[in-house]
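Laid out below as structure tokens are two forms of one and the same protein chain, each shown alone and named structure 1 and structure 2.
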Structure 1
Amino acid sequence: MRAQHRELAEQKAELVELRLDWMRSRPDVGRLLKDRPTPVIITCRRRQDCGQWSGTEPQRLALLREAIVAGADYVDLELDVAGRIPRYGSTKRIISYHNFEETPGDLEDIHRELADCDPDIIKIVTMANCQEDNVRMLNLVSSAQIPTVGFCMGEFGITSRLLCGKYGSPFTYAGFSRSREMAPGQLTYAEVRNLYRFNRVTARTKVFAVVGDPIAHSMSPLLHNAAFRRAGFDGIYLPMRIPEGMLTETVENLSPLDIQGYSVTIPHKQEALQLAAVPDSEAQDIGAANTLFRQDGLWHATNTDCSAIEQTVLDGLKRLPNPDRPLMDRRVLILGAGGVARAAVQAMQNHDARVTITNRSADRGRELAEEMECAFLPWENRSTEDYEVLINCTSVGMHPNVDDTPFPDYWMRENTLVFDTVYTPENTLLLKQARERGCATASGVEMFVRQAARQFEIFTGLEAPREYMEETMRRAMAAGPR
């Protein structure tokens, strides 16, 4: 524990919690505190509070008292035991409440109880079961008269974990590493400090997010936060999980957080278009939006996937034997019928290409083909199509199912362009086999960076550092799954 404490200090941590309940035997508190490289919080959590303490309750309280006598900077005391451990010396008291099931409706009453226990800092942490729980928690933090560390746990709670500082929380909590996650949804110290720059977030910091379900795999926070840092823009970009069909209601309920823009991914792209008061013509033509942004008090919608796909295909055609031949009248086979497929159809039709859609769900594929006025081919017959450009807009081949492909290699034709919109991994099985068959290829990374760069420009009004964004993404992918 001392070695890891020094390591965190070298990484510029300013306050470190020492979880005594995670130690195998009774710790030597004096040794832990001697020559400590940063201020510390001493915490020893009971199993009933989702801790690891296996001793008796009197032993646990004695350990906390020992830490106070030894001069710990802070000691964490649960609401029900705070009255049994009086203030002593210079040690500051964090009086805490945890709820691992929900964010209860009586947060203000709980906060008043905590305030009656002689705290220097109040800590109130609950489980978020929807994004709206974060709003209630952050409102509490903002209005508190006593410094309050308040946020929610779980995947839904990441919003308040990262924004609590903006609303007045003196700090947030992060794990030493992925293997040391102390609570559901806890991020690592490196993520909180380096990726999200928590220590630089202020009341003036502008907030953006990517919304989808699932969302944990998204690399959008990495790209946008890196671009904000590179450009010197005071913003933070969060991942937000929102269940299907809940986008409009959730965006409305999150309005107190004054979020300036959303990147929109599966399954919300069509609902995003309906939500917007001012959708642009491109989003309307596609029938889906991947970008929402506030302007003049209204939500505007656009689709940056379309131009990203268009440019990626045009660049890919330069790798074919006849690079000067335009996209007009080239035969394009599109796999899938979701939001990305919609954008791909529109991008190809912008150049008068001859588009055919095929999809695993025939009804959905046929419906999109009719709406976009292009041809439809049953999934089982996709090998019969004569194409010059193949675009995969399905999730087949995405991590962790990296051994899957939507189009077997023995169906591929030489001297065609194969473009896979999947970007994790970049080198999908589809692209590997396409190169072996003598095809030109284009990866999802090329498209993903292009659409993100355009969103960055919409959100900030600044020119996107596209090359830096691409370098950032490739470095992260080379480092392996997060």
Structure 2
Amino acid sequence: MRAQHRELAEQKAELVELRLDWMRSRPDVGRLLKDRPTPVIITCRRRQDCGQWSGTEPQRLALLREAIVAGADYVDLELDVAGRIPRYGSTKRIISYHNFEETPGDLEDIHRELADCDPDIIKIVTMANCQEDNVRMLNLVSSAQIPTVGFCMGEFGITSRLLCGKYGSPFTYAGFSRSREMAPGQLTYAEVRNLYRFNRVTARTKVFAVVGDPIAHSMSPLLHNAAFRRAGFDGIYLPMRIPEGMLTETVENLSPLDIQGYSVTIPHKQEALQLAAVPDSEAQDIGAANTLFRQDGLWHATNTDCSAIEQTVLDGLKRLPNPDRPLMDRRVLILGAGGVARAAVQAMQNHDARVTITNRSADRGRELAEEMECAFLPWENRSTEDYEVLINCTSVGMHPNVDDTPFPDYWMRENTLVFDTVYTPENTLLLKQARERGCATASGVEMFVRQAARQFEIFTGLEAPREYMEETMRRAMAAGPR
């Protein structure tokens, strides 16, 4: 524990919680406090509060009193024991309440009870079962007369864990590492400090989020927060889980948080288009939006996937032997008929390319082809098509099925452009084989960064640091799953 404490201090942590309940043998409080590199909170959580303490309750209270006598900077006392441990010396009292089930309706009453226990700081932490729980919690924090650390746990609670500072919480809680997660949804110190820059968030900081379900593995927070930092923009970008069908209602209910923009991913792209008061023609033509942004109090919607695909293909064409030939009239074969395929058709038609769609499920493919007025080819005949640009918009080849390809190498023609929208991994089997066959290639990472860069520009009004975003994404992918 002392070693980890020193390590956190080296990483500029200003206050460290020492969880005595996690120690296997009886903690030597004097030793933990001696020469401490930062101020500390001494906490010893009971099992009923999801702690690890295995001794008796009198032993636990004795340990907390010992910490106070030894001059700990803060001691954490649960609401029901706070009255039994009086104030002494210079040790500050954090009076805490935890609820691992829900964010109860009577938060204000609980806060009043905590305030009656002679606190220097109130800590109130509850389970969020929906995004709206964060709004109630942050309301409480901002109206509190006594400094209050208040946030929610669980995947839905990340919003308030990261935003509580904006509303007046003196600090938030983060884990030493993934393996030391103390509560559900807890982020690591490195994430909170370096990725989300919690210490820099103020009342003026603008808030953005990516919404989807699932959302935990989205790369968007990494890219956008890195871009904000690089551009010196005062913003924070959060991952927000919103279940299917709940986007409109949740966005409305989150309006007190004054969120300025959302990146939208599966399964909300159609609903995002419907909720926007001002959808642009690109999003309307595609029938889906991946970006919502507020202007003059109204939600605008656009689709940056389309321009990202367009730019990736235009750049890719420059790698062909006849780079000056425009996209117009080039034959493009699109594999897939989902949301990304739809954006790809639109992008290619914007340049009057000759588009053919092929899809595993013929009905879906034929329907999209009819709607977008392009040719359709049955999936089993896809090798027969003469094409100059091949775009994979299926999920085939995506992690973990990295040995799959939607278009075997013996069908490939050299001097064509092969673009795989799959980006996990970047170097898919399709792209590896295309290069071996002498084709030019373009990757899903190029597209992903481009759609994020365009969103960044819409959100901030600044030019996106695109190369830096691409570097950041490749570095993170090389480091492996978070």
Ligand code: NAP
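Rigid core: the largest C-alpha set superposing within 1.5 Å between the two forms. Sequence positions of structure 1, starting at 1, serve as the residue numbers. Just so you know, these numbers come straight off a predicted model, no measurement behind them.
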item	value
Form selected (criterion: the form predicted together with the ligand)	2
Rigid-body rotation of the smaller part between structure 1 and structure 2, in degrees	13
Per-residue C-alpha deviation between structure 1 and structure 2 [residue 413; rigid core superposition; Å]	5.8
Core-aligned Cα shift of residue 335 between structure 1 and structure 2, given in Å	4.0
